[in-house]
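We've got the same protein chain twice here, in two forms, each standing alone as structure tokens: structure 1 and structure 2.
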Structure 1
């Protein structure tokens, strides 16, 4: 029990694991991708999934997670132990792979503070890929959570309630982002709201990765209060901006109307003089 408590607060590993060395970037042709595209089954499908991911957009290729030397066009040599090859899932969990070389270090630090990291050491579940996927890793959203993994330890009712709570927070964050984007497009003041939104996002990231019962209720309430305040502020400013827009349109219409009336008056005046 003491080990668990220390692990929660210090983020220390609760089970033995090998520290993986940083992986190397491909300098020329990435032979990992080149080779796996020719393979059948999951070994080939993985490349297609990866090409849709945020990792592909950042040019983070296979070896960033799995190690190996992508510059070698030799399957055996590229997977030499000296290149930190770590593709076998039975030897490594995704927390180790996602954290190698310092990647996602802060997020993994949060995960290690919660009960799911303890469960990973005891049961082998849950790990990063259970929520984020293995290869087709997309921007994190609640809808990507695989409830089948959650119900192995939690009741379906608890899982549904938790996901509904997270979806509501995500929707409120998205609404606030739209308000901020609109204010910025109108050159209205939004920097203070944006700065606080960054803090809210960090709290949300903490919420979904620590995910202890106590942490969830406390942090969720804090996020809700901050979001409600920020939404109210942003909506008040939106009203002001929209009123100014209406005033601008009305002023332009009135000005246009005055010009038209003046032109009609001028034309009629010249017409009378001509008579």
Structure 2
């Protein structure tokens, strides 16, 4: 109670909560969007960026992260502290915003295990938005990582090497997924590889979010070994499927040829008879 009163009095929460309360659902009109759409600068830009995001597709609106009451068409009342409003301006970082109501708990758990969470407490960097953005959040890619933030603490060489090795893993995972899709489309056995890919993806997710020296020594190696093994396995099955494909095409062509020869033969026979 005292926390709320002091927080309300100062216009900012003094004792940041570990997990912010879940977002409210707008009853009819979502006034956060309705009002911010009309604003200029960053206040309005956020709407256009959010509209392209994975969150907008799920109807996860502004308040899913920022909190506040979307039923009130008043900039102050909507952001009253009693509705759990949180923004960068009142000292909330993106780890807190992304974790509102228990969202992304497992990813946040991983991030908190690593050295970057400690760095965030001391220097305010790096955080979720430095790799995912704040509003235009799309299916994640290594190339979205804002390396300008990383070089504040690491040498350009270390950052380049890190990005290159993550991109290689990302590419190998994409290749493996393509192979699996092809095998499945041909009704070939791929469930065992798919199950292992899920494990590898989890290790990769762990690597990028914990980001410790240990992870880069052990987990990265483990991912590489497993990926190589799975890629080889899928490749050899692809060869079998493709060989079957070729057999199929050759058989079809031969069949076609036989029919044509037969037709020519018949036509010539008839032609001779009618002469």
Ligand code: HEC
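Superpose the two forms; the largest set of C-alphas matching within 1.5 Å is the rigid core. Bear in mind the structure is a predicted one, so any value in this text is a computation, not a measurement. Residue numbers count along the first chain shown, from 1.
- The chain as displayed in structure 2 is taken from the form predicted together with the named molecule.
- Taking the core as the fixed frame between the two structures, we note the C-alpha of residue 259 moving 2.9 angstrom.
- Once the two forms are overlaid on the core, residue 268 shows a Cα shift of 5.2 Å between the two structures.
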